[in-house]
Every structure is written in C-alpha cells, then in structure tokens.
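The chain that follows stands alone, in the form predicted on its own, written as structure tokens.
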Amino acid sequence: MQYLPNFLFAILLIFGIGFFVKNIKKLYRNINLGKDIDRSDKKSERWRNMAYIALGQSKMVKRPISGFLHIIVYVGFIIINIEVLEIIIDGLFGTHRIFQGFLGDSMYGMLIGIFEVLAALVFIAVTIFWIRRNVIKVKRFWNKEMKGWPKNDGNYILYFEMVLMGLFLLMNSTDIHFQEAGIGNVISQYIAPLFDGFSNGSLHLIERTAWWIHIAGILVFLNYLYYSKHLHILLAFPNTYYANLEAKGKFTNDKNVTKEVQLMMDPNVDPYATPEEGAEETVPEKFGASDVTDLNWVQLLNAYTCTECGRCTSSCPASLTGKELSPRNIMMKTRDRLEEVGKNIDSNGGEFKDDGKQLLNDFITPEELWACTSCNACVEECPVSIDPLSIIMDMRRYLVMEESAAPQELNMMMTNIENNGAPWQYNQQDRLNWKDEE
C-alpha cells in the first residue's frame, strides 16, 4: 500500500502521454495526406520567422491589448509548467518538492515565487479574455461560424487555465511546510490565511487533492489540444517555419498546367497517341483542388494550426461588406473535412472509402471562393502565418479548369483574352486607337 500512489501516478502518466502520442501520430498521418511541397529553402529566414512570430509573438502585438494579454498567458503557462518536471519526479518516486533539495532554498524560492506571480497574472489575463469574449462580446468572436463547438471550445480552454492556475496556488497555500519555510510564497501567503483553523490533516488532504487534480488536469489539457483550436500551441512553430516566404501576391504555377502546356508546345508529342502496349496508363492529375487530398501538406498544417481568433475575417474586405466569405471559416471547414477523411481511413482499415463528399460544395461553396478579392489581408493579419488565400486560389483553379464554372464576367474576360489578346471586347487592330483620340 505504501507504493500504491506511485503506481497509480505511473499509470496516469503512461495513459496520458500514450493517448497524446497516439493522437499526434494521427495528426501527422492526416497532414501527410496532402501533396508534397518543398519548403526546405531559406533555412535561416525560416528559423528567424519561427523565433519572431511563434516564440516572440511579434504579430500578436499588432493589436496591443489582446497581444499583451496573450503574451502573459503564453509565457506564464509555459514557464509555470516547468514545475511539471518536479511533479512527475515526486509522483513516481514518492518525494515532495525534490528540486528544493537540489537547488537550495534561495534558488527554489525564487523560481516558485516567479511561478506564483505568473500564475496570478495568467488567471487575471484569462479572466479578461473571458470578459472580452462573453460580456463585451468582441464582434470577431461572434461570427456565424462561431457557434456550437467552436464557441464553447474558446470558453472551455479559459476555464481549464483558470482551474489549473487556481490549483497551483491552492496547492502551495495549503502546503504547511512550504508556507512555514516562507520561500517563494509571494502570492500563496495571502491565500493561506483563508485556511486558518483547518487541522493539519485537512490541509494535507486539500494539498494532496489539489496536487492530484493539477497533474491530472495538465494531462487532460494535453490530450484536449488535439480536439481544440488550441493545437496551435504546438503547431505554431512548424507552421511559421514552413510558411510561404515568397512576396505576397505572387501566385504559384500549377505544375500540372505547366506540364500540359509543355506537351502542347512540343512538336514531337502526338496528342492522339495511345499508350504503348504494356505501358502503365496513368490518370491525369487534377487541376486545382476540390478536396483536402488535392491540397499540399503545408495547407493542411495551416488548417490544424488555425487559432480561430478571427483576425483574418475581421480584416477581410469581402467579409466586411457582408459577403459570404470568412477566411477563418475556410480554414475551419478544411480542418473539419480533413478530420472526416481521417476518421474514414481509421474506420476502413487504413484505406479511404469514397463517401461521396468533398471539400468543394459540401463544405466550402463557390460563392465563398469567388467573394475573395485576393488582397492578402487575411495572410498579413494571421498571427501564426496561415495562408487561407492559397486554398481559395487552388479551389478556384479547379472550378475554372475542371468544371468551367467561373462567373460570367470572368468567362467573358478570358474569352476576350483568347480571341482579342486583351480583356476588352474589341478587335486587336483597334487596341491602340486610344492614342489617336484628342
């Protein structure tokens, strides 16, 4: 019975970490359903972007209030969880505050003091976030796509953080020896008087209960990330590293289109030739994208990284003028479809079984795609370098080149370019008549 708590802790730890690893493998599999793309260039610039944007939060502070609060939560939560190392060692070996013996009272007290101050600041910042979301009701948190799970998820994570920070301070406040030592209890010393009159046995029970719920909460939080928009806590780093470094507004050529044009221009290619006997007949690749497997893996990584903060949508001119488009919703729907495809693969022994659905039409409508002005405002605003525009353009390309489903105005323009060499509907010989006008 002496080692029962250590045994139970080991089971909890193994189960929590094991389930997390299982979900990470599933995440990796889903992202790799996308087409390959080479993002191995400009390594120094990529590392710099990751340091400035993901670690340094440089794009968050463009909106100072939310940016500052986010930095408090981000830095505080990460630093405080350094103490998880001590909790794990204590839980496995039955020790108590083992780092105190290694670091000494002064160093340990300084670290715990910093943790307590950060815990209090995180609790305050998260409370302000909750007020902004639920009382002030900042508009971007209440778009029509932010209903049901997306809306609740934003609140759940705030409650998680409040509880975890509260448990940390409660654990310290009811630790009799820690309070008597008077080292590092810069915040908990003001909470401890609330428990005056409690017996030592009661205080120990409260401290142990808070300790267990705190570590269990951290493991639950870790596994909750996969199902939450807060997966960006982990994915912001690879996402900013692999972000597109080309100038905004520079669109990529579809290699399949390039290949077709090269074949058309090659005088030695017989367009009517049939495959040689014994040669493997290949299915022509699709132009553009109609489903998530037509997108590249960076775009799928973008979908999982989306923070659902709504900065993209709040800056989108199409959205601001009441059109159907919401860049945030594009990313959310892409992630929803990717999750659906992943579950399909899981339930069919590792193979995808056609479900008669696709990203285009079933999740994202042509109306949304054609509302985009391709201004790159969403790309510029995203605090973790997500590129909704690339998905929109690939799906537009499919509509034009595979379904001939462009809007009438665009079809007219393309017809004029084909026939007249200009987007206007007049003869090529008349193109320079304007210079003769007085």
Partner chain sequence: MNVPTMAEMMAEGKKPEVLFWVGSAGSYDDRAKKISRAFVKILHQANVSFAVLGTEESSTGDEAKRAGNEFLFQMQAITNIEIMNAYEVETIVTCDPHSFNTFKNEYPELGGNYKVYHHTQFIKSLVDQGRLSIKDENLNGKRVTFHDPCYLGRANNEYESPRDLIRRLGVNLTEMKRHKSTALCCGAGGAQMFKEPEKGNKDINVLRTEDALETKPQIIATGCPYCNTMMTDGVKAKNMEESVEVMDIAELIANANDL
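Only a predicted model underlies this, so the values are computations on that prediction, with no experimental measurement involved. Numbering follows the first chain given and starts at 1.
As for the form predicted together with the partner chain, it is not shown, yet the points below apply to it.
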- Val384 within 4.5 Å of the partner chain in the model of the complex, heavy atoms: no
- Would Leu300 count as a contact of the partner chain in the model of the complex, using a 4.5 angstroms cut-off between non-hydrogen atoms? no
- Query: Is there a heavy atom of Val400 lying 4.5 Å or less from a heavy atom of the partner chain in the model of the complex?
  - Reply: yes
- Contact flag, Gly18 vs the partner chain in the model of the complex, heavy atom cut 4.5 Å: no
- Thinking of Phe287, Glu418 and Trp434 as the candidate spot, does the partner chain come within 4.5 Å of a heavy atom on all of them in the model of the complex? yes
- Query: Using a 4.5 Å heavy atom cut-off, which stretch among 171 to 179, 244 to 252, 93 to 101, 206 to 214 contacts the partner chain in the model of the complex?
  - Reply: 244 to 252
- Message: Just to confirm, with a 4.5 Å cut-off on non-hydrogen atoms, which of Ile37, Leu410, Ile65, Leu55 contacts the partner chain in the model of the complex?
- Response: Leu410
- Query: Tell me, which of Glu260, Asp336, Asp153, Glu86 has a heavy atom within 4.5 angstroms of the partner chain in the model of the complex?
  - Reply: Glu260
- Query: Which residues, if any, of 366 to 391 lie within 4.5 Å of the partner chain in the model of the complex when only heavy atoms count?
  - Reply: Glu367, Trp370, Ala371, Cys372, Thr373, Ser374, Cys375, Asn376, Ala377, Glu380, Glu381
